[in-house]
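In structure tokens, one chain follows: the form predicted on its own.
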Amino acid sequence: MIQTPYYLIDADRLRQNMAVVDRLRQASGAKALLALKCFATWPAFEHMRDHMDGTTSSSLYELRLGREKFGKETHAYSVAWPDHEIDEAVGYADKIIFNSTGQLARFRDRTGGIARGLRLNPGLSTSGFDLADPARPFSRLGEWSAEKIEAVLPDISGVMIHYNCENADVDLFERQLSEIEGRFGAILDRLDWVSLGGGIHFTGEGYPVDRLAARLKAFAAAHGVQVYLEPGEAAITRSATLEVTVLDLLDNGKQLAIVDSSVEAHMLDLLIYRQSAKVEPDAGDHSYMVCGKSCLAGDIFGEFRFAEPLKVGDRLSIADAAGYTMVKKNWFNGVKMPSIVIREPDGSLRVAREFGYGDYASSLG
């Protein structure tokens, strides 16, 4: 048995998501770029590369990873590009997207060899978390003013509009896209391409993919643009688990199970957004609070039900562990970093990466 903890990526489930991506691309004419900020575990790219058009990034290192490990088209975005990175970024990117007109002006003369774009902030979003809301008051993410954007149209060929967040409501998507067209239509009509970003949960169960495709196709035709989507979570949802082992059991008024992993170190977004992990089927007569092994008092995966009492040595699977997990894992407390394992289509398990003390020590000096 493979030593826990490890992230287990299921290639078959990944390919199920890719089939939906293919369907949407073919029906809409939109191109799909993997959002590396969400998932950048490159040993899995072989199961995705044939179904997506490239990658989109938020930093120089993500950009380089996309170019070297995924290939195809690369979009380079950053909230702020430093002077010492811009030339290298241009060497990897097919398109570079600036966050502000100030950055565009600063680097105009050094980016003339590739397509340039600008982030347009439409002043609306679907995020339920202020922390993740790009349209929050005083947001630094993109330009809000149509006048400022119109003034630099000769220097750009497209815009990126990222405003969805886990949006599974196609009615809301259509309403907000129409509102964006109403406010910025004159700008959209003068562009070659528009990225509508990520956050559209079109691989969710029951999502009306054909309806989304029709709306994207109509948008592209109305404005004469190539549409891009930047799926992150949609590309990898439900394709991975975090495999852990029960190390100890306590009863401090509740039944507690301590496992060989850590929310703080291995599924950080659960803490950031104050959410519970998922364990399936989460049913049975025996309830336990599953806890991480770090010294953080709130290192808790959540409370779950099991068919049988847990024992030291039992293995548990934390569900939906692909998005914003491996890209955020860290060495807090020196807790062993989970290995990366891929379940291939034939059922075999391939250990793609293991981490040890040398990795921990080298990350600190």
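Here the structure is a predicted model, which means the values were calculated and not measured. Heads up: residue numbers just count along the shown sequence, starting at 1.
One more form of this protein should be noted, the form predicted in complex with another copy of the chain, which is absent from this view; the next part is about it.
Visitor: Sort through 101 to 109, 170 to 178, 191 to 199, 233 to 241 and report the only stretch with a non-hydrogen atom within 4.5 Å of another copy of the chain in the predicted bound form.
Guide: Among the listed stretches, the partner-contacting one is 101 to 109.
Visitor: Can you check whether R15 is within 4.5 Å of another copy of the chain in the predicted bound form, heavy atom basis?
Guide: The answer is no: R15 has no heavy atom within 4.5 Å of another copy of the chain.
Visitor: May I ask you to check whether A319 falls inside a 4.5 Å heavy atom distance of another copy of the chain in the predicted bound form?
Guide: The answer is no: A319 has no heavy atom within 4.5 Å of another copy of the chain.
Visitor: Contact between P82 and another copy of the chain in the predicted bound form at 4.5 Å, heavy atoms?
Guide: Yes, P82 sits close enough to another copy of the chain in the predicted bound form that at least one of its heavy atoms falls within 4.5 Å.
Visitor: Can you work out whether T203 and another copy of the chain are in contact in the predicted bound form, taking contact to mean some heavy atom pair no more than 4.5 Å apart?
Guide: So T203 does not count as contacting another copy of the chain.
Visitor: Verify the flagged residues D10, V227 and E280 against another copy of the chain in the predicted bound form: is each one within 4.5 Å by a non-hydrogen atom?
Guide: Not one of the three qualifies.
Visitor: To verify the annotation, which of these, A186, L131, A221, A151, has a non-hydrogen atom within 4.5 Å of another copy of the chain in the predicted bound form?
Guide: Residue within 4.5 Å of the partner: L131.
Visitor: Would you kindly say which of I258, I86, A213, C165 lies with a heavy atom within 4.5 Å of another copy of the chain in the predicted bound form?
Guide: Checking each option against another copy of the chain in the predicted bound form, the one that comes within 4.5 Å is I258.
Visitor: Which of the residues spanning 6 to 39 lie within 4.5 Å of another copy of the chain in the predicted bound form, based on heavy atoms?
Guide: Going through 6 to 39 in order - heavy atoms within 4.5 Å of another copy of the chain in the predicted bound form - there is one hit, K37.
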